[in-house]
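Next comes just one chain, in C-alpha cells: the form predicted on its own.
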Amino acid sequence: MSETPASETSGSETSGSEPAQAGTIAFLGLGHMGGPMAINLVRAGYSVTGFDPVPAALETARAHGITTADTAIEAVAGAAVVLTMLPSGKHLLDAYRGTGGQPGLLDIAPPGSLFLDCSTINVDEAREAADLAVAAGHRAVDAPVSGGVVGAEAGTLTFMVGALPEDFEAVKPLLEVMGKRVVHCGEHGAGQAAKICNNMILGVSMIAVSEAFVLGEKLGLTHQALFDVASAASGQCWALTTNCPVPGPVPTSPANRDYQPGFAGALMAKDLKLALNALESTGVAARLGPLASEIYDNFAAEGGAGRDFSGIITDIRDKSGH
C-alpha cells in the first residue's frame, strides 16, 4: 500500500467543479446500489449513460433520466469517466480486458478516460485492474462504498478511495454527489484495503455483540438493560448502537423489521472472504477474522443470505438451545 497520508473530505465541502467538466459518465451496473448512485449524478446535472444486463434496472434508470445503452461497450464509447459497480473482481477484469475475442472497455474508451471502480473486490484484483487501465493510457481509481442501499438513495455513502493524488482530486466532485464522506486512503488498491479491514471489524464485532445478548438472555438480563450498560461502557460499538441485533433498544435497526437488510448476510460473507484472502496473502496471524468468515459463510448458506447480517444472533440463539 502507498505511504500517501490519508486525507478526507465531506460531501458538504464541494470543490466547486462544474458538472460539465466531467463529460459523459458511463455507469455500468445499475442494481440496488448502482442505480440510486447514477440517479443522484443525473440530479446533480451530470450526463450519465448507463448499462445493466437486467432489463428492469434499465427501465428504472430511464424513468429517472438516465440515458441507457444496449451494451457496456456502447455506453463507454465517448465517455470521460467509466464508473463500474460489478459483482466481483473477475467481472471487472473481464470487462476491462474483453472476453471471447471481443474488445474490452479499456480498448473502447477515449484515451485518458478515468476508470472509477466502486465494486468491492480483492485488493490484488483492484491493483491489477488499475495497472491494466494505466497501461492502456487511462487513469484508475478504486472507491468501494459503505452505507448500503439507504445510503446510496440518500447520497450519504462513505467512499474509501485508492488513487494517485491528482486522480483523487479529479474524481472527488463525483463522489461528493453520491456520498457524505470521501476518504483518500492511499494509492491504487488502498480503497479496497480499507473496505475489507473495516468490514472485518464489523463482522467480528456483530458476532461478539450477538453472543453477548444471547448470553444475557441465558443469565436473565433484559435486552434493554444490557444495551443501557454496554452502549455507555467499553462494549460500545456501531454493531450495538446503530445496528443492534435485538428489537427494541434501537428502533431503526433491522432487528425491528424481522432482519430485512440493511446489509445482507451474503454481502458480509463475501466481504469477509475478501478479508480472508488478504490475510492469507499477507501472512497475518489472524484468528477472529477467519472464524468470522466461516461463521458468516455458514449463516448465508443456511438461509441467512437475504437477511440482515445482524440476523446472525438468531443462528447463535438456535445453536444455544434457546
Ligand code: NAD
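So that there is no doubt, residue numbering starts at 1 and follows the sequence shown. Because the structure is a prediction, the values reported are computed rather than measured.
Only in words, not in the display: the form predicted together with the named molecule, which the text now covers.
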> Heavy atoms within 4.5 Å of the named molecule in the predicted complex: which stretch among 249 to 257, 281 to 289, 62 to 70, 31 to 39?
Replying inline: 31 to 39
>> Each of G203, N243 and I313 having a non-hydrogen atom within 4.5 Å of the named molecule in the predicted complex: is that the case here?
In response: no
>> Check K195 for me: does it contact the named molecule in the predicted complex (non-hydrogen atoms, 4.5 angstroms)?
In response: yes
> Is H91 close enough to the named molecule in the predicted complex to count, meaning some heavy atom within 4.5 Å?
Replying inline: yes
> Any chance G45 has a heavy atom within 4.5 Å of the named molecule in the predicted complex?
Replying inline: no
> Can you check whether G137 is within 4.5 Å of the named molecule in the predicted complex, heavy atom basis?
Replying inline: no
> From the list P103, P87, P110, P165, which entry has a heavy atom within 4.5 Å of the named molecule in the predicted complex?
Replying inline: P87
> Are there residues in 32 to 62 with a heavy atom within 4.5 Å of the named molecule in the predicted complex, and which are they, in order?
Replying inline: H32, M33, G34, F51, D52, P53, V54
